[in-house]
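In the form predicted alone, a lone chain appears below as C-alpha cells.
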Amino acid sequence: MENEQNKTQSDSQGRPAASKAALLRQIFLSMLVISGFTFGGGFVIVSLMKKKFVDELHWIDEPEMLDLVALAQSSPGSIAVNAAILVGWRVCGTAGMAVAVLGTIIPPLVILSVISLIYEAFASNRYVALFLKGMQAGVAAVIIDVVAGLGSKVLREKSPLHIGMMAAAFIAVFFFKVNVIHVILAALALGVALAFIRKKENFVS
C-alpha cells in the first residue's frame, strides 16, 4: 500500500515519482506522437505539449509552462526543439532532455526524408495543395487556442504591468510590424530591470 502511494506522489523537485525508465519511455512516446501530428510550427507543438504535460499528466504547472515557452521562444533555434529540451529536462533531467529531443525530431526527419524523394510529384499535386490549404485554418485555430490559454493566465494575475506588456507587444507586432526579436529583447530588458528593482527593494526592507 505504501509503495502504491509513493508511485502517485512527486519528489521534492516536483517530478513524477515513477521509475526513471518508465518516465523516459513516456516522455519519448509523448513527444513522438505530439511531433508526428504537429502541423504549423512551434507554437502548435507548444499547445499540444501544454495539453499533455500540464492538463493531462500534471507534471508541470501552467505558470511554469508559460516560463518555459518564453525561454524557448527567446532562445536561438526551433521553438519546438527548445521547448522539448526544457520540458524534458524539467521532468527527468539530462536523460529526459535527450529523449524528448529525439522524440521531437524523428517524425519530421522521417517525413521530410520521404517527401524529398518524391518532391516534384508531391509539390505539383493538386490534392496535396488543397490538403495543405485546408490545414492552414486548423493551424490558425490551434495557435489561437494556445495564445488564449496562456494569455488568460496573465489576465488572471491582474497585474497592470504584465497586461500592459502583453498589449504593447501585440500592438507593436500586429499594427506596427515590429520585428518579434526586438519585442522579445525589450521584454527581456524590462524583466531584468524589474528583477533588479525588486531585489533592491527587498534588500532595503
Partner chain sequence: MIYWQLFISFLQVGLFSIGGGYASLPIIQSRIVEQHGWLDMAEFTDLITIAEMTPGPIALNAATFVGTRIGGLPGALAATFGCIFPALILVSLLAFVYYRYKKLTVVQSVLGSLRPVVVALIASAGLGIMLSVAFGGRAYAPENLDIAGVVLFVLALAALRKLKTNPILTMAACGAVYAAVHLIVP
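Bear in mind that the values here come from a model prediction, so they are computed numbers and not experimental data. Superpose the two forms; the largest set of C-alphas matching within 1.5 Å is the rigid core. Residue numbers count along the first chain shown, from 1.
Note that the form predicted together with its partner chain isn't included here; everything after this is about it.
TODO: Would you check, heavy atoms only and a 4.5 Å threshold, whether residue 54 touches its partner chain in the predicted bound form?
DONE: Heavy-atom contact with its partner chain at 4.5 Å: absent for residue 54.
Open item on the list: When the contact criterion is heavy atoms within 4.5 Å, does residue 97 count as touching its partner chain in the predicted bound form?
Closed with: Yes, contact at 4.5 Å.
Task: residue 38: touches its partner chain in the predicted bound form, heavy atom cutoff 4.5 angstroms - done: Contact check for residue 38: yes, within 4.5 Å of its partner chain in the predicted bound form.
Open item on the list: At 4.5 Å between heavy atoms, is residue 200 in contact with its partner chain in the predicted bound form?
Closed with: No - in the predicted bound form, heavy atoms of residue 200 and its partner chain never come within 4.5 Å of each other.
Open item on the list: Where, within 137-173, is there a heavy atom within 4.5 Å of its partner chain in the predicted bound form? Residue list please.
Closed with: Heavy-atom contacts within 4.5 Å come from 137, 138, 139, 140, 141, 142, 143, 144, 145, 147, 148, 149, 150, 151, 154, 162, 165, 166, 169, 170, 173.
Task: Threshold 2 Å Cα movement between the shown form and the other one at residue 166, rigid core reference - done: Superposed on the core, residue 166 moves its C-alpha 2 Å or more between the shown form and the other one.
Open item on the list: Using a rigid core superposition, assess whether residue 51 undergoes a CA shift of 2 Å or more between the shown form and the other one.
Closed with: Residue 51 C-alpha, core-superposed: shift of less than 2 Å.
Open item on the list: Superposing on the rigid core, is the Cα displacement of residue 113 between the shown form and the other one 2 Å or more?
Closed with: After core superposition, the C-alpha of residue 113 moves less than 2 Å between the shown form and the other one.
- [ ] Work out whether the Cα atoms of residue 153 and residue 76 come closer together or move farther apart in the predicted bound form than they are in this form, the change being 3 angstroms or more.
- [x] Result: farther.
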